[in-house]
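Encoded as structure tokens, the following chain is the form predicted on its own, with no partner shown.
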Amino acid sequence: MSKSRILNYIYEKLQKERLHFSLIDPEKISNNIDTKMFEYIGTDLILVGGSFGYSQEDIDSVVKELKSNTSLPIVIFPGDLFSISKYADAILFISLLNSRNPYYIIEAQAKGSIIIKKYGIEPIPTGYIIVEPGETVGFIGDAKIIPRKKPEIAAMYALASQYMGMKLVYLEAGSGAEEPIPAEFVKFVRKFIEIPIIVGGGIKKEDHVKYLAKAGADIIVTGTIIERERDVERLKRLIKTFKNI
């Protein structure tokens, strides 16, 4: 089996359509979530993780529950070393590029690499860039948050990420953000890089997914709709709209 099975899955699907990733935060989600809904709504991959507030047991429990109820890839979205679960298919091997703290740029990654190799899960090198407002992840990750009116700064980080060999770039406004990253911001970054762009944070409305698709986002991530609202039909419509533009 290819060591890049999940990354190949992402790249191959992107040849046909834009993608949607569902994000589950073990600290926020309750045990009664309908894990079978993810294939119904048309999501392509499930991310599991968050900034803080959960244990290794919590994340293992959520990953095992998802694995038993869906055939979709389960990928860790790490908050720290305790986020790594041996039951997952892969992990976004994230470097928080605009952090002030070397721990989130390379030190946590160096320590986690041994665990990832031991568990045999697939690392997916990903450049992670925090954009205003940044929310909890910006605070926890000690980020120099990029202003929404300064896409050129994000473009520099994104291009450096590509040159360093990362396979994805993730532009993050933060979970719970009132609005997603602006269209012009995403469009500016898109002009500079060839690797896929993931956009997360604040994506709640049909207008959001329309402008992000037109701006050049390859993948969007939503979590709040699942965690708080459980509005399955609305999420299904948003995903369909994003993919069909």
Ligand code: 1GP
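The model shown is predicted, which means the values in this text are computed figures rather than measured ones. Sequential numbering from 1, following the sequence displayed.
Keep in mind that the form predicted in complex with the named molecule is missing from the display, and what follows is about it.
From the list 79 to 87, 118 to 126, 169 to 177, 102 to 110, the contact stretch for the named molecule in the predicted bound form under a 4.5 Å heavy atom rule is 169 to 177. None of P196, G216, G42, G202 but one reaches within 4.5 angstroms of the named molecule in the predicted bound form through a heavy atom, and that residue is G202. Taking non-hydrogen atoms only, L23 approaches the named molecule to within 4.5 angstroms in the predicted bound form. At least one heavy atom of V221 is located within 4.5 Å of the named molecule in the predicted bound form.
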